[in-house]
Ligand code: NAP
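Below, in structure tokens: the form predicted on its own, a single chain.
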Amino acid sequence: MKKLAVITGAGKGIGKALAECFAKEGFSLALCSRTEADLQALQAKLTQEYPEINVFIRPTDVSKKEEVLNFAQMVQETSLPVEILVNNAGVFLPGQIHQEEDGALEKQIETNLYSAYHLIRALVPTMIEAKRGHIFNICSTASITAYTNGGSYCISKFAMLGMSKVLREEMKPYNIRVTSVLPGATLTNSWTGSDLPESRFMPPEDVAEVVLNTYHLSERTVIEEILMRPQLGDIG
């Protein structure tokens, strides 16, 4: 039976690179993103390049619980076993706690943390039943390093790493691996307008390759945390 990789925030950046990476490995895909046009373009590209796989898509605003659960229902209706779940969707609103716009915390917590929480709760029961699978939570170097303009983004990513650590402990008895991925500055839309050269960023394809290589380890082994930074270091 075909295996399924579920990826949130798949329309651009790291999520898109992950989708392309797992499609090349023969995985069928369940993808969500806020922008339907991005999903449709990716679906068309991948099904043309890899006609043996299925690519299921659903436009989803992951900051809304109901939409996350609707996406989970679509995943369940594929009747394919969830082998990989990547909680990648996120939003970055720069600012300082005492100055950022009202609602910045709620938006980033809902998008960066609650979305993963709700999707895990919806999909993990079947993974537990199968006693297999690998969950990747895309955190950030902001999960371990506070910085001045990080504000509520840092709060949400610290919380994401904490949730991932708890989940790792919970899933041990069920043979489900859990990996926290902490990328530094990656060349995605979050950095649009920064005027920094590409050399200061990691390509999203590097993050995707590391995730894939981590999955391919023996089931007796799990890499609990992956910390990645640009060769020249953090951008501060």
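Just so it is clear, the model here is predicted, and its values are computed rather than measured. Don't overthink the numbering: it's just position in the shown sequence, from 1.
The same protein also has a form predicted in complex with this ligand, omitted here; what follows describes it.
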*Could you confirm whether S180 comes within 4.5 Å of this ligand in the predicted bound form, counting heavy atoms only?*
no
*Check whether K12 has any heavy atom within 4.5 Å of a heavy atom of this ligand in the predicted bound form, and answer yes or no.*
yes
*Taking 4.5 angstroms as the cut-off for heavy atoms, does F71 touch this ligand in the predicted bound form?*
no
*A89, heavy atom within 4.5 angstroms of this ligand in the predicted bound form*: yes
_Given the stretches 58 to 66, 44 to 52, 22 to 30, 166 to 174, which is the single one in contact with this ligand in the predicted bound form, using a heavy atom cutoff of 4.5 Å?_
58 to 66
_Each of Y153, A185 and T188 within 4.5 Å of this ligand in the predicted bound form, by any heavy atom, yes or no?_
yes
*Would you give me the residues of 215 to 229 that have any heavy atom within 4.5 Å of this ligand in the predicted bound form, in order from first to last?*
none
